[in-house]
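Quick heads-up: it's one chain on its own, the form predicted alone, in structure tokens.
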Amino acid sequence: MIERCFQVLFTLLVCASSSPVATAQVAVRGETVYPMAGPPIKDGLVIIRDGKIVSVGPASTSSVPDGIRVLRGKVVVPGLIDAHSTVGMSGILNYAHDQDQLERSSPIQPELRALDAYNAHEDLVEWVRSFGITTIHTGHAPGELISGQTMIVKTSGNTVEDAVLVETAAVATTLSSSARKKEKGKSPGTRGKMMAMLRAELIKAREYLQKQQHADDEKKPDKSLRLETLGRVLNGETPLLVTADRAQDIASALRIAREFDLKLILDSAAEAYLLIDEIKAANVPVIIHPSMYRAFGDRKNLSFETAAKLLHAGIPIAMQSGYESYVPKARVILFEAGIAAANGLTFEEALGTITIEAAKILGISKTVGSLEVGKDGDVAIFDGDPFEYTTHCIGVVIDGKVVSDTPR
């Protein structure tokens, strides 16, 4: 009899451990839930177990498992995605010791890995996370012709290995005045030189790939980190992320991509509204500059309405926090998307630029960007309209773990 009782107890424990109720970690209930994979849900409920979303729907059709934490808010959205930043490489302060986003010793350095420079404990990572930003595309900043690689990380984790989603997301290239050398005799000093140097380097990489196919190992070239990286760009494995603001430079980016059949992502693109037909024909997505960038230099003709003009023309877009060489180095995409929402985008269109549309452009939409069963349990919770300045982010969940519950 005692043995039979133990068997029954053991069976119950096994069943409980494998049931959704027993292993659920956290539930999030919102007056309105925006899953971004369907229409908004009034009085919605999201249940996360083992780091993944297991249920999304009206609270009336789902029950909250006993004994798990329930977070509540007025508006619940997928964890926000910053489509381009230098967070974790540029620090929260303007001190030299926490500025690893830009190496100035050479204009061409695609071999520099963001993975080797990212600081998971940087205060700026925690700061942006507190506003609901759970995923960032970060890395080497604009400012050199080829400044280095970018990567995609979650804004949690003790080390970069804990945080990383994509080790090499893109190779960062700059076709703008910021990449021109002011010192006499230094290159590139003109836009023509920029394009010539970039083209020459891509040709070298193409020849390197061809020689690597030689049957005789002794005739193969020595390994080159630089050319290996650009080889992956030529093969279409890694996109070329080109920062260009003037229409002239955007056109040059489209030209070089067409010439070498590259996978291109336009970055910043202040005057993109002048080349809508060309960008659409090239099927190139745009990660638009922060709405509130300072309008001078190459960005003197920026517009708050660029996001709406491009999106309504059928061009995939996402918003970013960007990079500036002075404080603030990075902005908060939540507010940048809010400005876009006030200048031609609907609420859900603006929210898409920092959730599902950003995820699609970055190639990570299978795991993040929307609240769907099977996706990562990344959620941001607000006590009002997220784009209203007086609203607070009152909770952030990453992979099913509550990483912030202090109103920000």
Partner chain sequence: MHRLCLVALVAVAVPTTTTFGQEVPHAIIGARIIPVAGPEIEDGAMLVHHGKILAVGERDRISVPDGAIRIDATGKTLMPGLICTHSHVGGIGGADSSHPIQPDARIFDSINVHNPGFRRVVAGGITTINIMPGSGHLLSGQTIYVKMRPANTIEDKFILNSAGKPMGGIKMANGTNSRRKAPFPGTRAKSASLIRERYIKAQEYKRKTAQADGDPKKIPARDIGLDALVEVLNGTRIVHHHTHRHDDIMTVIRLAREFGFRVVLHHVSEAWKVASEIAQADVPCSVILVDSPGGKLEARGLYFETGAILEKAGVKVAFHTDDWITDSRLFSRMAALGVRAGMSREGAIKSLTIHGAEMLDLGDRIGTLETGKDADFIILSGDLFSVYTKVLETWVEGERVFDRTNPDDYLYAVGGFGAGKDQIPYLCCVRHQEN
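Residue numbers count along the first chain shown, from 1. As the structure is a prediction and not an experimental result, all values here were calculated from the model.
FYI, the form predicted together with its partner chain isn't displayed, but the following is about it.
Enquirer: Just to confirm, S303 within 4.5 Å of its partner chain in the model of the complex by heavy atoms?
Expert: Heavy-atom contact with its partner chain at 4.5 Å: present for S303.
Enquirer: Do A96 and its partner chain share at least one heavy atom pair within 4.5 Å in the model of the complex?
Expert: Heavy-atom contact with its partner chain at 4.5 Å: absent for A96.
Enquirer: Flag V373 as yes or no: does it have a non-hydrogen atom within 4.5 angstroms of any non-hydrogen atom of its partner chain in the model of the complex?
Expert: Contact check for V373: no, nothing within 4.5 Å of its partner chain in the model of the complex.
Enquirer: Please check if V332 has a heavy atom lying within 4.5 Å of any heavy atom of its partner chain in the model of the complex.
Expert: Answer yes; at least one heavy atom of V332 falls within 4.5 Å of its partner chain in the model of the complex.
Enquirer: I need the one stretch from 185 to 193, 125 to 133, 111 to 119, 171 to 179 whose residues put non-hydrogen atoms within 4.5 angstroms of its partner chain in the model of the complex.
Expert: That would be stretch 125 to 133.
Enquirer: Identify, from the list V166, I203, L274, A313, the residue with a heavy atom within 4.5 Å of its partner chain in the model of the complex.
Expert: Of the listed residues, the single hit is L274.
Enquirer: Here the chain is shown alone; which of I92, M197, L262, L102 has a heavy atom within 4.5 Å of its partner chain in the model of the complex?
Expert: It is I92 that has a heavy atom within 4.5 Å of the partner.
Enquirer: Is it the case in the model of the complex that P39, V54 and V70 each bring at least one heavy atom within 4.5 Å of its partner chain?
Expert: Not a single listed residue reaches its partner chain in the model of the complex, so no.
Enquirer: Pick out the residues of 388 to 408 whose heavy atoms come within 4.5 Å of its partner chain in the model of the complex.
Expert: Sequence-ordered list: E388, Y389, T390, T391, H392, C393, R408.
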